[in-house]
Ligand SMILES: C[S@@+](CC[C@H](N)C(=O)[O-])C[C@H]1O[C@@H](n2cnc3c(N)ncnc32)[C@H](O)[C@@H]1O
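Next comes just one chain, in structure tokens: the form predicted on its own.
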């Protein structure tokens, strides 16, 4: 067993302008005690010199001391990350989840026995309270009583984020090259391209890049395209497919909920079109290892982004019966949600539920097949939506995407089930009404959200030829608005 490369991750949002800190924690024995004794003595001396220099206003001495302290801290950090232990390494899954759940964390680096975290204080809590919460995620792990905490300028954090994003995207896409070919039939291809009026000189965003089908059609029309996808396999496939378009095509790693942040970070302030195809790609469904389908045995995963902290198995095995029932009802509209949740909780008492076929069998035992639809269909949809926070991400895409459009720019959204279509329909109605009215008002009032006009009184749907060629397109609906 050999030492693993440190895992790097960066939040999709940049620093908000508040004070940023670099925090390093390490396990007991990860740094030689004699080295720590020497470092503590040196640190005390340096801090004393800094205090004296501050009183005298000796900026040169102060700057030199600060640099010396940073060097000392980096030596400790290097020693901690160079340490490798089989017996007591950082359990990445728990600590990763705790760090990503912390709104103040802007990025981290996890080694075998150490964690380096970039933190921005966004609430009333201090650094110590954040550290205590991270360490509480691993209550049985002995952390060193001290940690390194130093202020860092926001531009250093931004540099760290860019490096981590690039490294993470390249790493996962390189791994995805070894996965089966990502082949996906694009839905409502011509209808979407026509609705967006793609043309030479226009800038388009394909917020669900997938295999690159929609992007390719927009590129063929002469537009430049920014494609966003959180799935490394999809990005790798799109890069291969669209390589001939060179600088006309830009591939971004991330969730479309961060559309504004992703585009702004690359200097894009406004676009002419935003397209999103919300359907799950065929390769994701058909690849058993991704855990989206009950048609073949695979791990109960369902993460669009493999780096997400929580899988479907985590929810199924850890959520309470009430939470499970709520997920199945709210996101799958499953009528037997309570009975299924009760059976899952009873079954997991005998061992973790870890495969798709295990879960499908449990659901089928509660709700036998009636008609063509498999009894696990709605429950699997619900878990996928919960794992990837699809509806929350959709809300942010709609508001963020509309704000990115220039006057006359268009947004086209393709939905596949009633929950997401309802959200899109309601959002489009909200922003296309000049006035709003309520029973308690004497007359209608101007709508403060009015900023677009609808281009689809009824949603566009696949034609007969497309339905024959691609039966999975049968539930697709395309809605379009134009920014005023």
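Numbering follows the first chain given and starts at 1. Treat the numbers as computed from the prediction; the structure is a model and nothing was measured.
One more form of this protein exists, namely the form predicted together with the named molecule; it is left out here, but the text below deals with it.
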TL;DR on 212-220, 334-342, 357-365, 108-116: the one with heavy atoms within 4.5 Å of the named molecule in the predicted bound form is 212-220
Whether residue 279 contacts the named molecule in the predicted bound form should be assessed with a 4.5 Å heavy atom distance threshold; does it?
yes
Wondering, does residue 254 line up within 4.5 Å of the named molecule in the predicted bound form on heavy atoms?
yes
Report yes if any heavy atom of residue 224 sits within 4.5 Å of a heavy atom of the named molecule in the predicted bound form; otherwise report no.
no
Taking heavy atoms and a 4.5 Å cut-off, does residue 301 contact the named molecule in the predicted bound form?
no
Could you spot which one of 387, 325, 193, 234 gets a heavy atom to within 4.5 Å of the named molecule in the predicted bound form?
234
So which of 147, 208, 161, 293 gets a non-hydrogen atom within 4.5 Å of the named molecule in the predicted bound form?
208
